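This document opens with one chain alone, in structure tokens, the form predicted on its own.
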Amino acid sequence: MLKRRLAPWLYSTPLFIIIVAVILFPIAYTLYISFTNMNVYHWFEFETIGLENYKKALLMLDSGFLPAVLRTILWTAVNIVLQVIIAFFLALGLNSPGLKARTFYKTMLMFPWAMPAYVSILLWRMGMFNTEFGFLNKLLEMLGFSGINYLSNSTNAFISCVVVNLWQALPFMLIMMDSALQSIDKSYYESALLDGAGFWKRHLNLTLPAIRPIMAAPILMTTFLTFKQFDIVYLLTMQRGGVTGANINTVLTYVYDKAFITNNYGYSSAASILVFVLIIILSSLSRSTLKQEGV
């Protein structure tokens, strides 16, 4: 009997070891480092300083952490709203009766999603946003306008990063939206037309309520991916040898900067733990939202 009870635990031991080594230990060590002054000046002789790193992150506005959090929330909200709205109307267009070459259009719209992210971002940076040789400024010059510094100004850089993120992430949202629209029985629209419902009435009162439970999970998943976005902001504005001067740090680029640029590992660990806690809170809220939607 004892062997039978211990057998499942023995069989699971390798998995437990991997979980501890890969997940639990890094989190625990990061938590430990967050209470120390470990940095480039105290690499081996760091000391425990209690909650000082957390106080600096949460109570000092000039630390940059709170502005990075607010900027990340704005970044996430703007991207998700634009993705949902644009994907909705594109999906409506793709599902229009009588539309020819629908498969071709869908394939072309999926192309940005199939490209490696690194290639896409650098293509936009060098091919589109370059102040001297970029396509956008060349086009403006042909039309008689002066060129724009897309990445050197914080506002312009933020908008440029949003455009690149839409280029990469919109295809996934479009696939989900297209699938959701195809799940609606077309007879509902025929009945609505017979009742005299116009375009906006049909979609506000019929389409949106029908697709909301289906789209809840993809939208929440995309929200988390957007919140954790790192490569677009980093490669466009912060990459070594190509720093543009724009300050649009999100929480992840902020933590990266403090850890690997300024080598302040104690403070960056505290910021990482705060981000970890924030993501757990958002995960709990998203679970309750999915339950309400019946997903």
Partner chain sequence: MKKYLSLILAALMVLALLTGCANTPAESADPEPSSTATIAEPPESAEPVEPAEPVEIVIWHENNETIAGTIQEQLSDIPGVTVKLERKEQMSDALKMVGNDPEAAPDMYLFAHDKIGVYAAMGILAPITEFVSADAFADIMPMAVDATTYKGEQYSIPIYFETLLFMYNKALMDAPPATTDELLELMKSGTTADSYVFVEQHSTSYNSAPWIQGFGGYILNSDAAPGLGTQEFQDALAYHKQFIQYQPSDGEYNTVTTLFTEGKAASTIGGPWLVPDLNAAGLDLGISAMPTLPNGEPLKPFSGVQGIQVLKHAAADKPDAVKAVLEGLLRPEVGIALANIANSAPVNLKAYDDPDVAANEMIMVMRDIAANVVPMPNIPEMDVMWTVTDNLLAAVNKNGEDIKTTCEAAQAEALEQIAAMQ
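Computed from a prediction, not measured in an experiment: that's the story for all the values here. We call the rigid core the largest set of C-alpha positions that still match within 1.5 Å between the two forms. Positions refer to the first chain, counted from 1.
Below: the form predicted in complex with the partner chain, not depicted.
Between the partner chain and V40, W43 and M126, in the predicted complex, does every residue show a non-hydrogen atom at 4.5 Å or closer?
Yes, the whole trio is in contact, each within 4.5 Å by some heavy atom.
Between the options T131, N205, S179, N156, which residue brings a heavy atom to within 4.5 Å of the partner chain in the predicted complex?
By the 4.5 Å heavy-atom cutoff, the listed residue in contact is T131.
From the list I33, A246, V69, L252, which entry has a heavy atom within 4.5 Å of the partner chain in the predicted complex?
Comparing distances to the partner chain in the predicted complex, the residue within 4.5 Å is A246.
Mark Y11 yes when one of its heavy atoms lies within 4.5 Å of a heavy atom of the partner chain in the predicted complex, and no otherwise.
Yes, contact at 4.5 Å.
How about F65 - does it come within 4.5 Å of the partner chain in the predicted complex, if we only consider non-hydrogen atoms?
Output for F65 is no: heavy atoms all beyond 4.5 Å of the partner chain.
Does at least one non-hydrogen atom of N149 fall within 4.5 angstroms of the partner chain in the predicted complex?
Looking in the predicted complex, residue contacts with the partner chain include N149, since a heavy atom lies within 4.5 Å.
May I ask you to check whether Q229 falls inside a 4.5 Å heavy atom distance of the partner chain in the predicted complex?
Although the partner chain is absent here, Q229 would stay clear of it in the predicted complex, with no heavy atoms inside 4.5 Å.
Among the candidate stretches 160-168, 219-227, 187-195, 118-126, which one is within 4.5 Å of the partner chain in the predicted complex when only heavy atoms are counted?
Answer to the contact question: 118-126.
If I superpose the two forms on their rigid core, does the C-alpha of F230 end up displaced by 2 Å or more between the shown form and the other one?
After core superposition, the C-alpha of F230 moves less than 2 Å between the shown form and the other one.
Relative to the superposed rigid core, does N249 relocate between the shown form and the other one - that is, does its Cα move 2 Å or more?
The answer is no; the displacement is under 2 Å.
Against the rigid core, is the Cα displacement of L70 between the shown form and the other one at least 2 Å?
No, the C-alpha moves less than 2 Å.
Please check whether, in the predicted complex, the CA atoms of I73 and E52 lie closer or farther apart than here, given a change of 3 Å or more.
More distant in the predicted complex, by 3 Å or more.
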